[in-house]
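Here we start with a single chain on its own, the form predicted alone, put down as structure tokens.
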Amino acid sequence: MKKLTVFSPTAILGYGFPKESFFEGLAHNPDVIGVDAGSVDPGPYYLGAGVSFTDRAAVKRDLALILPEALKRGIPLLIGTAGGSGAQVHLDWNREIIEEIAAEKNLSFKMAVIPADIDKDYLLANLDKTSPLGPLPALTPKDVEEATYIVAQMGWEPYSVALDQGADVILGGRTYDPAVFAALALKLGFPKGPALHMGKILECAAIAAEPGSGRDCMVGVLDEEGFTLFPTNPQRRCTVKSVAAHSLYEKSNPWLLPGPGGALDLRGTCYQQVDEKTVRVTGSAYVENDYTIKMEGSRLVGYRTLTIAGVRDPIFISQLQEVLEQVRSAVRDNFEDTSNYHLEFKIYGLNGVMGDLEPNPVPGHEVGIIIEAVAGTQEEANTICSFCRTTLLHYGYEGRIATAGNLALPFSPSDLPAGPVYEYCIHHLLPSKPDFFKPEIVEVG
């Protein structure tokens, strides 16, 4: 029975990994090294602003270890969702780091670069073919025109093309998470179900182990009937519970994981403990459907200023919602000519995490309040936040005893300008073909 060994050093490029775990992973002679480099989890800012949510020095540290070892051993290195969000600006950022390492270490290799950006004119011309992904409105020309960057999520196919072209390193834009781990396997004819399921788990590396960690390594060994998984750090182990639980991760349906061209189907999946640290998975299937790609885009909506404060007065806490509504009203009255602003209170110790969905909104003996003001300019946001903070600080609520101030402000200055605010405006599907994304081969070094 043919087998393929896939090595995942870290959950996201820049999260790091212990050197000992990394070299233990290499000792298993992997056929391919896959690294996921991004996610939508940190929110729309990073795509909209064109910056990475991972630190440059941290990304370079990881690549400076991975890249020379992969080249020395002749192991293809596949990197997906470069720069955190996978737009051209993120791709260029990540490529610059790779070329910098190559120059410093005198490395020469063939690299494939696969952009994921969608041209706005193309999208506007095909607007009627798009459909919302989830309970969202239809895509409009305004959404497209206001988006700063628009990317689409590629599957495994362009990575397979790049491998056929002899690429030693493949740097991809926005990518379906399992793709970089499954691309070589699918190119070689392994079944899609097990290959993509193993990729789904490996993209988070040792998070699927016990104890879980995003900054540690995992190895997967694929065969024609299933796959086995194990961490390379002796302090961790894979269990049926940890692997099965991670298979539910980031899914709206516990059994199905949609992607470009089909869905991973886990209804017949079985998990078996092989030894203390290894789990075997069989029965994962793949259901083909029409080929569509998920598009993502975000736009600028304003600028943010924050104030962080604490409250411990039980009289104040007992009236907190009423006080905040009165403060909101005072801000509205004072800035009646400024309609383009948003004021929000996040109350930790009451419902700061879940907001209106909190099932048990019982305040504790102290609460933390974050005042968030978003407006059309940074100056306007600063003004709204400052007025709100001073009004709340000195608000004369019923039963008030101390008059020195209602808030404990841990920072000076108390108001923290946070810069541009973005929102997702594109989260839609577009019918496509697997060859939509085109690798570009470049000689490095």
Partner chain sequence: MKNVAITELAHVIRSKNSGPFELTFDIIFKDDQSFKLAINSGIFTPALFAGLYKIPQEEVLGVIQYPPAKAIKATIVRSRPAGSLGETDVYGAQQHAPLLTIQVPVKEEDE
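Positions refer to the first chain, counted from 1. Rigid core: the largest C-alpha set superposing within 1.5 Å between the two forms. Everything numeric in this text was worked out from a predicted model, so none of it was measured.
As for the form predicted in complex with its partner chain, it is not shown, yet the points below apply to it.
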I'd like to know whether K277 contacts its partner chain in the model of the complex, with contact meaning heavy atoms within 4.5 angstroms. no
Would G355 count as touching its partner chain in the model of the complex under a 4.5 Å heavy atom rule? yes
Applying a 4.5 Å heavy atom distance criterion, does P44 contact its partner chain in the model of the complex? yes
Whether P254 contacts its partner chain in the model of the complex should be assessed with a 4.5 Å heavy atom distance threshold; does it? yes
Option touching its partner chain, based on a heavy atom within 4.5 Å in the model of the complex, out of L188, L248, A138, I315: L248
Can you work out whether its partner chain is within 4.5 angstroms of a heavy atom in all three of K241, E344 and V374 in the model of the complex? yes
Taking 4.5 angstroms as the heavy atom distance cut-off, pick the stretch from 226-234, 128-136, 159-167, 323-331 that is near its partner chain in the model of the complex. 128-136
With both forms fit on the core, is the shift of the CA atom of M354 between this form and the one not shown 2 Å or larger? yes
Once the core is aligned, does A102 move its Cα by at least 2 Å between this form and the one not shown? no
